[in-house]
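Only one chain is given next, in structure tokens, and it is the form predicted on its own.
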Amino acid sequence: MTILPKIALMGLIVITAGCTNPDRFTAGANDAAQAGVNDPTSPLFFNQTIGDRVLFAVDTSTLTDEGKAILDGQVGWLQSNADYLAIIEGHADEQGTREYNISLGFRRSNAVREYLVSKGVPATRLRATSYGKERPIQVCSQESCYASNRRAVTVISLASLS
């Protein structure tokens, strides 16, 4: 190797060594996330402050009083933020057949959708879907895991529902 390529290689090493700041891609990310949590018009505020999910008892799609309280908060947020649409995802625990749990997930997402509509959210801004037992939050054979998987999650989006 001649001297010129060695000098070029050393120069490249020195230049790239100056670019090794490990926080260069995440600088300010925590500030942006904190701003989102504090911004009442942000989906992050909706998820973390209002609450994006309601839980259900075994084999039911009946809303609990706690679930209704969360949904009342969602109603207020959705009415104040008319640019957003919502997809309501119904989920079930791992017990039962795939077909049964898809159906149960739809009943749960529809229960949430109907509640939101009954409180004044336009039906055109809401869509219900089901994942059944296909997307568990926790995977184990204990009631605590099953209970967290029996849920409906409201996902906020600016995109069209078509």
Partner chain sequence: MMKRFLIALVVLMLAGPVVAQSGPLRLTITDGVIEPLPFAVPSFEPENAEAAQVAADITRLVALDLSGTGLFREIPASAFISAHSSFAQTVAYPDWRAINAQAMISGAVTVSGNQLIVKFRLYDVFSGTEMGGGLQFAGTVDGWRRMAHKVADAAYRRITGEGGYFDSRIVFVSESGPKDNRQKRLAIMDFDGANMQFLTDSSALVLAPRFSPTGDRVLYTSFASGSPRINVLDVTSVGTRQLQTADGEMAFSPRFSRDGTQVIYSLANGGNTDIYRGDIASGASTRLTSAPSIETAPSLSPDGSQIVFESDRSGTQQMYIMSANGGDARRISFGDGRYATPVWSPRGDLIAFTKQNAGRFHIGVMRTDGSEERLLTSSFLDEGPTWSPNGRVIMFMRETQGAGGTSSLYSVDVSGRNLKPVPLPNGASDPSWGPLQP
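Keep in mind it's a predicted model, so treat the numbers as computed, not measured. Numbering follows the first chain given and starts at 1.
Note that the form predicted together with its partner chain isn't included here; everything after this is about it.
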Answer yes if any heavy atom of P43 is within 4.5 Å of a heavy atom of its partner chain in the predicted bound form; otherwise answer no. no
For T97, is any heavy atom within 4.5 Å of its partner chain in the predicted bound form, or not? yes
Check whether R127 has any heavy atom within 4.5 Å of a heavy atom of its partner chain in the predicted bound form, and answer yes or no. yes
Does L104 reach its partner chain in the predicted bound form, with heavy atoms at most 4.5 Å apart? yes
From first to last in sequence, which residues of 45-67 have any non-hydrogen atom within 4.5 angstroms of its partner chain in the predicted bound form? D59
